[in-house]
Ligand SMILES: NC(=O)c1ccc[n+]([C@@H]2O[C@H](COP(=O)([O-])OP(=O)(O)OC[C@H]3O[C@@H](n4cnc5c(N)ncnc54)[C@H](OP(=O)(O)O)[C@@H]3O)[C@@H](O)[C@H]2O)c1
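The chain that follows stands alone, in the form predicted alone, written as structure tokens.
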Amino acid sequence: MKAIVIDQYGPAEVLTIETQSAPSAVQLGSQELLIEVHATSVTTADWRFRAAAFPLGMRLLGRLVAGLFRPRNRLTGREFSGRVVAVGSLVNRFQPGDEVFGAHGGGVNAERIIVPESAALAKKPANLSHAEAAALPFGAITSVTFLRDMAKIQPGERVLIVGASGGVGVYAVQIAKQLGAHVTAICSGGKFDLVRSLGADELIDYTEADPRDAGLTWDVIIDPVGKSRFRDYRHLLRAGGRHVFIEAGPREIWQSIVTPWMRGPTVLFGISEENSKTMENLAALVEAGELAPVIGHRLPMTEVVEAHRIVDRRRRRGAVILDWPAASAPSNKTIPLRRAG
């Protein structure tokens, strides 16, 4: 089988496609699944772990986690969608033939993978293609964790989303609307139609205007891309306001510790948790018409280097997807969002 591997940190060109022996059902543990991969995504996290491009002040910690001198895990990728080929003797959530999607830290960029039943997996919504399902986990789980669980956005609150057209931003807009918020989205003017279609109420073109000069205030500021500073934006936050950093360095982590003890707006930062419950929640939102995948680029797995280059530029629209040989024919359908009111 084909697998995408990495043996050193560096630019996209360090990725290679390698022929390996495919895992088989006889290798399964009692609580493991053998999955045929149909689609995977390339995310900001994949870029960081490939290039060791960790935020300033977090580089040593990042290397200790990923591998000090070279990547600890050769197999790349984390988010995927595919079909269950075989299951271990004690598996009870899935059976052969089930179509599933999710995230697995052990690497997913291979034609077949072995994944524990306890991984962040759920059955793929029937109205999604594998490419669409693979586009969901990274951005959507992150958005649910930071907007719903951490910021605790309430109906009627005003929310500003920085980088609203990116891999996380497109889901942050949708989740904020699903929670009943009024959304102001920051992106380039060329992406207004996309972001407006996701539910944004107001749009600011960062190439033409500074949101700090818009004369507006917000209850929550969501920053998935690390383009704002608390000291520069705190005057835009209302009483009880929260500045939520999805991408953060030591400064923001320190602020998240001290600001809750001070009067005024607070900084929030945390870790997004991937588990089967959050995956099943995403599937339910999709099936209810309250969340839709957004794919900006879709390439065959043989073009993984180009896929990483797209992510490296950090100017993409939605997810970057790799189709694997087992993938079904591309789908041209769109997933409609159902909006209240």
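Numbers follow the displayed sequence, beginning with 1. Just so it is clear, the structure is predicted and the values come from calculations on it, not from any experiment.
FYI, the form predicted in complex with the ligand isn't displayed, but the following is about it.
Determine which one of 166 to 174, 213 to 221, 94 to 102, 122 to 130 lies within 4.5 Å of the ligand in the model of the complex, judging by heavy atom distances; exactly one does.
Going through the listed ranges, the match is 166 to 174.
Could you tell me which one of 242, 158, 191, 112 places a heavy atom within 4.5 Å of the ligand in the model of the complex?
Selected option: 191.
With the ligand left out of view, choose which of 59, 314, 70, 277 has a non-hydrogen atom within 4.5 angstroms of it in the model of the complex.
Selected option: 314.
Check residue 272 for me: does it contact the ligand in the model of the complex (non-hydrogen atoms, 4.5 angstroms)?
Taking the distances in the model of the complex, the answer for residue 272 is yes, it comes within 4.5 Å of the ligand.
Might residue 187 be said to contact the ligand in the model of the complex, defining contact as any heavy atom within 4.5 Å?
Close contact exists here: in the model of the complex, residue 187 approaches the ligand to within 4.5 Å, heavy atoms only.
Residue 142, heavy atom within 4.5 angstroms of the ligand in the model of the complex
Judged by the heavy-atom cut-off of 4.5 Å, residue 142 is in contact with the ligand in the model of the complex.
If you check in the model of the complex, is residue 63 within 4.5 Å of the ligand, heavy atoms only?
Because no heavy atom of residue 63 falls inside 4.5 Å of the ligand in the model of the complex, the answer is no.
Of 128 to 146, which residues get within 4.5 Å of the ligand in the model of the complex if you count heavy atoms?
138, 142, 146, in sequence order.
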